[in-house]
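The chain below stands alone and is given in structure tokens; this is the form predicted alone.
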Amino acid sequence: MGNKPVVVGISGASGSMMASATIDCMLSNGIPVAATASSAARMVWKDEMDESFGESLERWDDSGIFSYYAVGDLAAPISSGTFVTRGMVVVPCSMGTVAAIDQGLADNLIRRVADVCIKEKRRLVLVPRETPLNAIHLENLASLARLGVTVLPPHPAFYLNPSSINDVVEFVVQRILLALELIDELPGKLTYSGHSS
């Protein structure tokens, strides 16, 4: 599976830096990535990131192990169960995307690949970004969890004494890699801004 990609879906929820850091980490560790992003994700990216989405795509493409598919490209190879992947993470994951995946609405590439992961019993990790959660959100997330989907809210690891958003993002990315079984365990020692745990 080493040469098979992980699919990274980027929805329109806040938290673009988590998507960027996840892709950066995978590529720097030689893990191929196939990415897709909704139009809303690209709008949020513009508001939250210093680097434009286009600049990020160019930088990732330089790795030689990165591919990008438009969210409306339902003919993309990753949309088919016959195209083997190592699983998928949707980071960040909006509640609209959660609801669509739960109901099997595969009307864009993010939702279609998630649907494929569920039907093919591949790893699927959702990093939901919403607070507070209402009963509809919770029911949708619980329904997906019962199907084997990993629901991984981006909560800070306060016991590691994070002192910046980057510290929190770093921890979340490591949790994503662990949930996708791309690493066997979390690093034994994470150091944040002079703090050790």
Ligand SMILES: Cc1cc2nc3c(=O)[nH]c(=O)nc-3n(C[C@H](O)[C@H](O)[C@H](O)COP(=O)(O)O)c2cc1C
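These figures come from a predicted structure and were not determined experimentally. Note that residue numbering follows the sequence shown and begins at 1.
This next part talks about the form predicted in complex with the named molecule, which is not shown.
- Using a 4.5 angstroms limit between non-hydrogen atoms, residue 129 touches the named molecule in the model of the complex.
- Contact between residue 173 and the named molecule in the model of the complex is not found at the 4.5 Å heavy atom cutoff.
- Shown alone here, residue 40 lies within 4.5 Å of the named molecule in the model of the complex, counting heavy atoms only.
- Taking the partner from elsewhere, residue 44 is found to have a heavy atom lying within 4.5 Å of the named molecule in the model of the complex.
- With the partner omitted here, the stretch from 27-35, 56-64, 129-137, 161-169 that lies within 4.5 Å of the named molecule by heavy atoms in the model of the complex is 129-137.
- Contacts between 82-120 and the named molecule, taken as any heavy atom within 4.5 Å in the model of the complex, involve 94, 95, 96, 97, 108, 111.
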